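Form predicted alone, single chain, as structure tokens, below.
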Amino acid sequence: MSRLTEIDKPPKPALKSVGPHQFRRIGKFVLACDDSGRFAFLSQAEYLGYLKGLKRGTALRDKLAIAGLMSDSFDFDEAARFAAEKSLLSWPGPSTHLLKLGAAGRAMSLATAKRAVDFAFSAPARDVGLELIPERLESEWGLVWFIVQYARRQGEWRKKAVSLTVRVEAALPARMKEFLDGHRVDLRAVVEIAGPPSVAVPGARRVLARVNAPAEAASGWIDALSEAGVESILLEPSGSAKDFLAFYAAALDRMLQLQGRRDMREERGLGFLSGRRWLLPGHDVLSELCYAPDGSIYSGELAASLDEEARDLLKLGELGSRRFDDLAKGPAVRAVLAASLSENQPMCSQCVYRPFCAVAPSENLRSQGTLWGRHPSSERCALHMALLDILFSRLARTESAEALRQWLS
């Protein structure tokens, strides 16, 4: 049971039939979810009936048995399989290796770029994702040119699939766009959403959107980005949390309305719904590693941008002196992974969203000065809970649930 939400005068649970779970009220529904992430939506009357005990042969009991919420018909093998698929036992390694090609006027050397690519290919994942983050693309274009071709050749040698992305903030010159298109390199555009809809970077399939706009602008922005060919968007707040949540809800509704005609997925929402922490954008080590121009390896992009003292806590080593297999031996990686497990967070252990959510340790360090964070007062924790409320309220609706499930296919 959960202490993070309330039900008026709940009966004492019938422990012989009621399985272990957490619950949360979302609008007119009660969400019940077990520790592995299997869930069901109930009316409040149905939920109270469930707590009292349900008779065999009823449709509600059958529904909850399939969801793994009935203790007297619990399938332990199925629960173990489901949990293993979403636990760190199934972690394939970081999906994205971020190369900061320049910082504070200092560019990465070709030798460091080569070592970064080699290090990324030494990770156990079958697929290698490289995202290049230039500070000044024109002066660092030679690095992009080299990394793209070297990574493609490494993929052929090692028989690994390679996805390449370049982050951009403005339209590219024709010669650059032609080269990137010819080598199957995607663009990830950084877009500031603060006024009327506009698309500054044509040809980008992915967008990092910093949002400081009212909900009324959401549909127009989603339409404009979708028409420009954007397939994946990560929405990040840059204004008030309240305005961002209203924008997110309206943007999500518009994406779901367009599903099947012009598909677009929101990356954080996709990560939440997957129940796999390594698909949450920006999560230290699990979803990404970041390589600085000087060859330092950091637990993620945010970690590499913190002040020096905090940055040093999340520095994992140096390219050329560390192998990927050595990372787990370092105290920073062990601390990050321990702090990433919601099972280790006292308040998270009582939350219905525990199987879906995790706050990046670097975010905790940035905002609260500790890798573990203090989640009762964490703004990021509150933001995640509100975003999950929005997502699950749509999952409770038949007309939008199927569109959200298609995100996972």
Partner chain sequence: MIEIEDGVASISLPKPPYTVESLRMGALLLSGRAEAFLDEKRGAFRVELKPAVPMTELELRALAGEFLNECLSCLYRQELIKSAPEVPQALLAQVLEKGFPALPPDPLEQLEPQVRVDRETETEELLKAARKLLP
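Residue numbers count along the first chain shown, from 1. Just so we're clear, the structure is a prediction, and the values are computed from it rather than from any experiment.
What follows is about the form predicted together with the partner chain, which we do not show.
Trainee: Picking from 373 to 381, 59 to 67, 25 to 33, 355 to 363, which part of the chain touches the partner chain in the model of the complex when contact means heavy atoms within 4.5 Å?
Mentor: Result for this chain: 373 to 381.
Trainee: Test of understanding: in the model of the complex, would R81 fall inside 4.5 Å of the partner chain by heavy atoms?
Mentor: Residue-level check for R81: no, no contact with the partner chain.
Trainee: Any chance G182 has a heavy atom within 4.5 Å of the partner chain in the model of the complex?
Mentor: No, G182 is distant from the partner.
Trainee: Under a 4.5 Å heavy atom criterion, is V285 part of the interface with the partner chain in the model of the complex?
Mentor: V285: yes, in contact with the partner chain in the model of the complex.
Trainee: Does the partner chain come within 4.5 Å of any heavy atom of F146 in the model of the complex?
Mentor: So F146 counts as contacting the partner chain.
Trainee: For the three residues M385, S393 and L408, verify that every one has a non-hydrogen atom within 4.5 Å of the partner chain in the model of the complex; reply yes or no.
Mentor: Checked in the model of the complex: no contact with the partner chain for any of the three.
Trainee: Heavy atom within 4.5 Å of the partner chain in the model of the complex: which of A161, A194, A170, L110?
Mentor: Here the answer is residue option L110.
Trainee: Quick check on this chain: which one of P214, G320, G229, G142 has a heavy atom within 4.5 Å of the partner chain in the model of the complex?
Mentor: So the residue touching the partner chain in the model of the complex, by this definition, is G142.
Trainee: Can you tell me which bits of 85 to 101 touch the partner chain in the model of the complex, meaning any heavy atom within 4.5 Å?
Mentor: Those in contact are S87, L88, L89, W91.
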